[in-house]
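Okay, so here's just one chain, in structure tokens, the form predicted alone.
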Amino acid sequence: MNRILAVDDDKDILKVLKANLELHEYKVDTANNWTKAQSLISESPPDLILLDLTLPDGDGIEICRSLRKDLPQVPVIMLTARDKVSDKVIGLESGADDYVVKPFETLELLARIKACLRRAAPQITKEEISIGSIKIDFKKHLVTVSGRKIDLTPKEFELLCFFTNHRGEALSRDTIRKSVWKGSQIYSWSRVIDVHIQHLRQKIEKDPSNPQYILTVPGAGYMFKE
């Protein structure tokens, strides 16, 4: 289930977005200001962000530019009442993946969300691999543990693929960042990588507090056990 963060100062729009997107099996978090959105992103980066251009505590264009530096792999769709061509050009040049003008049709927004998530998904050439009770079908983007299907976000899937391709190696956070969060300027205090690994452990490990696969290597980072 993909997680979407909707950021808009209009609480009615947020309610409609949340209701409609959850009907189509998306997990939706909402924020009516940028401060709250930052807090949600820090806790767990979403798979896609719907961003209003006009927020009470920030300009959407500058926020988008910042997101492109900190979370370059997360698609951003701008939602705005500004319908001039010049506004769209500025929005797209600031790093937005798409630009949707209010009012909008839900079906159109859904199509644009799917397209953005599809482009953001990792490109895999191998077909499948089995490690212990974990089986990864790269072609189908399917992960099972002991035959049970596991729902991973695109970033969790990409992280798992990276780990399995480097089994037995001690991987530093910097190595993980450069490979899975390419071009990202994740700050030293950010827990983005650790939070994703924690979530991944909860989904694939029998006992996340005593992991069998994704091990912590003191002073080095993480290792996926062979």
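Remember, it's a predicted structure, so these values are computed and weren't measured experimentally. In this text, rigid core is short for the largest set of C-alphas that superpose within 1.5 Å between two forms. Quick note: we count residues from 1 along the sequence shown, nothing fancier.
The protein also exists as the form predicted together with another copy of the chain; that form is not presented, and the subsequent description refers to it.
Though the partner is left out of this view, Glu93 does reach within 4.5 Å of another copy of the chain in the model of the complex, counting heavy atoms only.
Residue contact with another copy of the chain in the model of the complex: Val74 places a heavy atom within 4.5 Å of it. Taking non-hydrogen atoms only, Lys102 never approaches another copy of the chain to within 4.5 angstroms in the model of the complex.
In the model of the complex, at least one heavy atom of Glu108 sits within 4.5 Å of a heavy atom of another copy of the chain. The contact with another copy of the chain in the model of the complex, taken as any heavy atom within 4.5 Å, belongs to Arg68 out of Arg173, Lys27, Lys36, Arg68. Shown without its partner, the chain has Pro154 as the single residue in segment 145-172 with a non-hydrogen atom within 4.5 angstroms of another copy of the chain in the model of the complex.
Comparing the forms between this form and the one not shown on their rigid core, the Cα displacement of Phe138 reaches 2 Å or more.
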